[in-house]
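Single chain ahead, written as structure tokens, the form predicted on its own.
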């Protein structure tokens, strides 16, 4: 017989709830929450969770869930719970029966040749999408300036679909702290509505920082003092693109140019 956590007053449940709700708690603990079969599976490939709650019957209802159930039942920090407890913690409409607390990854510092910088991007869905596009386009590091949505929040983590375990991310930065991380990059381009330089005219094969700004106000004045600008020319009367779309366009243009260089050299 498996002992179940059945009370919302349980200290494990309270701890999970604090990490789900509080950016301050996530960063002071250096831990964040992942939910669902796929994300918890990714997390287990990275590190052992410091806490894991699961609903046995929900996991056993799918083949992939059963495989994960077989894997976690022997973990010392894994505890069975009820559907009601998990639903009270879940950030999704249909919980998959598993939620876990994992440490924030610590990546070795590197001089990436393509860096994505987020300057006040506040929508969690946009941040998660940009992280996924960054990984797909070959970005080596993501830097988030203060004012950007917490990259470790449940909505960003869910939208990122496991990218947090593979892509070096540094958040909560001021420009003074970010500058040493990008000093090796020969150019920094901030995406703006109007610029004399179109994105496909810029040479993005060099060590480059691409900067995406706030959804409503764009990049900050401070950022403009540290970066050149480029724009995405558009037909019709549309003034601007969604931040995640614009960032993805720039990232994949950089990827296209870099693939061409490799092909030409080969």
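Numbering follows the first chain given and starts at 1. In this text the structure is predicted, and so the values were computed from the model without any measurement.
One more form of this protein, predicted together with a further copy of the same chain, exists but is not displayed; see below.
In the predicted complex, a further copy of the same chain sits within 4.5 Å of a heavy atom belonging to residue 240. Within this chain, residue 132 lines the site of a further copy of the same chain in the predicted complex, having a heavy atom no more than 4.5 Å away. Within 4.5 Å of some heavy atom of a further copy of the same chain in the predicted complex lies at least one heavy atom of residue 199. Proximity of residue 256 to a further copy of the same chain in the predicted complex falls within the 4.5 Å heavy atom cutoff. The stretch from 70-78, 158-166, 172-180, 142-150 that comes within 4.5 Å of a further copy of the same chain in the predicted complex, counting heavy atoms only, is 158-166. Out of the listed residues 37, 51, 232, 224, 232 is the one that sits within 4.5 Å of a further copy of the same chain in the predicted complex by at least one heavy atom.
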